[in-house]
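First, one chain by itself in structure tokens, the form predicted on its own.
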């Protein structure tokens, strides 16, 4: 058996490396997360007058989609996946008569997906469209599922035909109905997408319970939700599929009263862990109802952007190359190898500096090639190295006082 050859658009997706996930909709006005309508209905925590999101359309008036895109640009994200329609069924795009439950019929009176796509193209960011397959309140979802699926396909067709070339479609909700055969009529849905967007990635989230599961033959990537990335065994697969891990800056996807934020260190390490196995990292933020990104998530994305401004060469386009015991690993791009090094110490007086972490000789056992000119990417410091019997040993130095990048990367040339 062998590993199948990846189609070009799938390889192009893998080279993007880092994307921003955006959960944005009517629920942003409530600030209790994207599931508050359904969960709040069950436990009584949401007032009756707020359970019908249609009443929120009268107040939904985001000022612009540009700030979201600019935040992603500064963060070093190469693509953005926007919730064009979430499980409540409200569409950020013009549904062109399928219903009136969309942004053009809200207070804002605008096609927000159009604004989003235009802003992405201005910033050279690839637009991706999240689209639910599950809808809480659509009457046909429970009563006439075949008719509901026709409505779903017509909705997705609008996204495929009205906004030019897109990076892909990201579906979510198939876990809500299980059964024998093609319950969701995926052949029809994906066939329609291939007709209008032949080079678009097709992704369908398997949810928390089926991490990395390979699904329908037309799907182009598996998903890992909430930080549990693992390498894919592609040996003997009929088709090469990519991998993507998604997580949020805190414990919710939509904006919420949630200050349980992950640290920049944790998120940078997640990004690096993904690139170790060649997967993309899709990091979510829930904007405020006016379309602005909250202050603390903005700071988090800015910190990641600062890190990528220094080490991004090793993240974008590079492919997995070596990993052994521990967390350190290497990726390769062209004639260069990049060594990702975790948990380095900080140098300085013992009366001033907390000496957590380590430095010194690190063995990259059974390393495939000999390298030269090993240097830290942040300050150009040259690192001593030796290569004997296939084992590469590099003298890793700690951070100089006043510096800590969480994960530090060294660049080397292949001899």
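Positions refer to the first chain, counted from 1. In this text the structure is predicted, and so the values were computed from the model without any measurement.
Another form, the form predicted together with ligand GLC, is not on view; read the next lines as being about it.
Just one of 246, 112, 222, 300 comes within 4.5 Å of ligand GLC in the model of the complex, counting any heavy atom, and that one is 246. Of the residues given (316, 296, 145, 175), 175 alone sits with a heavy atom within 4.5 Å of ligand GLC in the model of the complex.
In the model of the complex, residue 170 approaches ligand GLC with a heavy atom inside 4.5 Å. Looking at residue 253, you'd find a heavy atom of it within 4.5 angstroms of ligand GLC in the model of the complex. Among residues of the shown chain, residue 18 is not one whose heavy atoms approach ligand GLC to within 4.5 Å in the model of the complex. Using a 4.5 angstroms limit between non-hydrogen atoms, residue 130 touches ligand GLC in the model of the complex. Only one segment in the set 373 to 381, 61 to 69, 28 to 36, 360 to 368 has residues whose heavy atoms sit within 4.5 Å of ligand GLC in the model of the complex; it is 28 to 36. For the marked spot (275, 328 and 411), a heavy atom within 4.5 Å of ligand GLC in the model of the complex is absent from each of the three residues. Shown without its partner, the chain has 86, 87 in segment 85 to 118 as residues with a non-hydrogen atom within 4.5 angstroms of ligand GLC in the model of the complex.
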